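What follows is a single chain, given as structure tokens, in the form predicted on its own.
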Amino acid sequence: MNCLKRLKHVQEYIIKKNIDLLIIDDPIALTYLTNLHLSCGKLFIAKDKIKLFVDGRYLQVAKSKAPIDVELITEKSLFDFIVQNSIKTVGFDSDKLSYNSFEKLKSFIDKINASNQLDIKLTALLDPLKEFRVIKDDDEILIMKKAASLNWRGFEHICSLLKEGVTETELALQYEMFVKKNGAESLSFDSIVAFGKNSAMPHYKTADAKLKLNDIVLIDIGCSVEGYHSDMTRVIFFGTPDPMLEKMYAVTKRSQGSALKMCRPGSKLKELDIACRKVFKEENFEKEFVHSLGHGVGLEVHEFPRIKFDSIDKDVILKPGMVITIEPGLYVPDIGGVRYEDTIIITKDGYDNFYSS
């Protein structure tokens, strides 16, 4: 990962925002900008200087692997950086900083102001890295395709174990063991394996239901490789499909195809969702689609942007390098549900499906 290039982009960003210093302390953001996995730390990014502050647990590894200067974090070291670099405005990520942490930051800046007769101002920035993280570089794409490939192999593995009497929990555990034995660091989320009527709950918690002949099986799974996530959902008809569920599956697949046709540079996110919902409306299933069409994927399995016609991100325009899910679904209580989810990357003239095979 070219962390220095990323950091340079952030410096250009704070110059445009007229900020002297940006403080980053969210662990995911720290990983993105340093390629280090830190549970805590503070990254100070000034216009012409960058320094990472960590505690004693990370000092040795950070000094040996970080592409930037590293110093032990103390109140004095943070204090000195701000004073010595004539900082007048300090930006922070208001999307990640808790109220308690903000109060501590404010108290710290007030202390610097009082002891040095300064007037340093705090400036809230809403998720300042989102526009950078949403565009994946070649290294990120390669890793994400690796994670998707492993995810698919895990799916194939548990499909081979489908038999009457097997439980949802058994399949979920078999998936977890398979992907971790084959290179996954962790699951992206608690696997969802839902049999029969349980599939009607979009965020069903996998339990001990046993598979019966003619059940529908919904499998929503993902794993993490080198910090990057995969995400996919499929349904399987174990035996003779229920006619209603079979129709729902066909309509869901068609709605996904309609949304995928809009997946190209220049499209607005809301256009994807509207195209999907148009198909559901034509088939009188509009009310059975109860969640957004998809979301961004990367260092987090659910990240910017959210794909829905009325979301805050509805007017975000697709650009090459964006990785998103397209996951329409229909759910009918006491009957069952279907969801079909792929992860795609926007290319120069369309998209590439990580699960095209």
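Quantities reported herein were computed from a predicted structural model and do not represent experimental measurements. Counting begins at 1, following the sequence as shown.
One more form of this protein should be noted, the form predicted together with another copy of the chain, which is absent from this view; the next part is about it.
Residue in contact with another copy of the chain in the model of the complex (any heavy atom within 4.5 Å), chosen from N100, T240, S160, S107: N100. Residue in contact with another copy of the chain in the model of the complex (any heavy atom within 4.5 Å), chosen from Y175, F92, F280, Y249: F92.
With a 4.5 Å cutoff on heavy atoms, K65 does not count as touching another copy of the chain in the model of the complex; it lies far away. Within this chain, K181 lines the site of another copy of the chain in the model of the complex, having a heavy atom no more than 4.5 Å away. Although the partner is absent here, K111 lies well away from another copy of the chain in the model of the complex, with no heavy atom inside 4.5 Å. Although the partner is absent here, A124 sits close enough that one of its heavy atoms falls within 4.5 Å of another copy of the chain in the model of the complex. Exactly one of the stretches 146 to 154, 232 to 240, 262 to 270, 124 to 132 approaches another copy of the chain in the model of the complex with heavy atoms within 4.5 Å, and it is 124 to 132. In this stretch, 43 to 57, the one residue having a heavy atom within 4.5 Å of another copy of the chain in the model of the complex is R57; the partner itself is omitted from this view.
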